[in-house]
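The chain below stands alone, shown as structure tokens; this is the form predicted on its own.
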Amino acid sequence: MTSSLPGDRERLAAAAALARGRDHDTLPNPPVGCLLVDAGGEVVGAGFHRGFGLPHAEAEALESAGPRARGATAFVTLEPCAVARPGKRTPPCAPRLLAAGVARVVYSCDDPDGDAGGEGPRLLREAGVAVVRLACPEAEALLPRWRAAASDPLPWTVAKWAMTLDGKIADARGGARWISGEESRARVQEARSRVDAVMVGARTAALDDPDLRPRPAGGPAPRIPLRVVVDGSLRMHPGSRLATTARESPVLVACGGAAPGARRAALEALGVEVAAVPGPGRGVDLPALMALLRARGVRRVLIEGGGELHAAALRAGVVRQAMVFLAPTLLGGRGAPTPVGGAEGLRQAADPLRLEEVRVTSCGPDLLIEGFVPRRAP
């Protein structure tokens, strides 16, 4: 492997700085940064992976460099990929670097994937590109959560909700439109377009009659996620928007073991897929459901409620991240629902379930609070 040159280490650290703090958006993909530097030492392109389902860092850097990428050195925090994995939405990057005429690639971290790891550097070397692997602590620091996600048998699952300052997701009568503002709702539509599946509980499906397909600003969604309803008793109405649009975009209803046969037949006649995933009582085994989705190529799931499903998913240990929109409003009401329901709660006040690496950003008049759920039994 080619030796490193003076300044390589600093360039890799600069590429890592581009990707720092992005894993809230990218997981289960890695946060990656890329710089393109010409023979004279000038940065001609830069990019980072902005989010799951969006272009990779190398693609962004090549796009910004244009023809100036020819003959340049690419500094990438993670080895360029060369294998199109199942469920992968973007093409591999090593062939794109070759096509752009990049002369040299310096990367820091190996891909832990046993099937794909090492293929990118091998492809580049065989095509005559100089390849250097150089240790860079700043690049390695980007990847601990991704390495854990890469070995996770379940999809990366994000629990999302919008709530008022007093912690309500609906009023005392069940009305929930609209808790958050327009900017937050647009952010949710964008998030839906970047996941493989959107999931709701039976009560939310019945009360809100949602469609769950993304409606991003500026045009149709590039990809429609699988719409999933967790419905232990199979109460979903055949006249619902989900059921009546199942032939347009896939819908999966997960039920328990005692689902009514007539209701199942009616839903299946509309194109709804019904899967029995029996859990305790008449419920659904959520880890088994997530494993089923992962086996189908689903890598990122957005759970949109309601409170009972959020509580069950957190108790089952399948939630990896929370995405919470906090609106500057008040509803009150002893019976108004909260975002995490259940009769017993998750933890005692002395030992709450505390999110890690919390990121808080403004979203119009609302706050968006994001963080990772710790990997321990709730």
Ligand SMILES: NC(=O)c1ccc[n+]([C@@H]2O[C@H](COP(=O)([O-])OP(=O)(O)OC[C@H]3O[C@@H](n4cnc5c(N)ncnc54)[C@H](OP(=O)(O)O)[C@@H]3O)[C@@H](O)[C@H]2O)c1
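The structure presented is a predicted model; accordingly, all values stated were derived computationally and were not measured. A residue's number is simply how far along the shown sequence it sits, counting from 1.
Beyond what is shown, the protein has a form predicted together with the named molecule; the following relates to that form.
Think of it this way: in the predicted complex, the named molecule has a heavy atom of just one of Glu119, Glu308, Glu140, Glu190 within 4.5 Å, and the residue is Glu308. Checking Pro95, Gly283, Pro216, Pro250 against the named molecule in the predicted complex, a heavy atom within 4.5 Å turns up for just one residue: Gly283. Residues with any non-hydrogen atom within 4.5 angstroms of the named molecule in the predicted complex fall in just one of 141-149, 293-301, 201-209, 267-275: 201-209.
Using a 4.5 angstroms threshold between heavy atoms, Lys160 counts as touching the named molecule in the predicted complex. Contact annotation: Pro337 falls within 4.5 Å of the named molecule in the predicted complex, judged by heavy atom distances.
Shown alone here, Asp111 lies farther than 4.5 Å from the named molecule in the predicted complex, counting heavy atoms only. The named molecule in the predicted complex comes within 4.5 Å of a heavy atom belonging to Ala176.
For the partner-free chain shown, Val230, Asp231, Gly232, Ser233, Arg235 of 224-247 come within 4.5 angstroms of the named molecule in the predicted complex, judged by any non-hydrogen atom.
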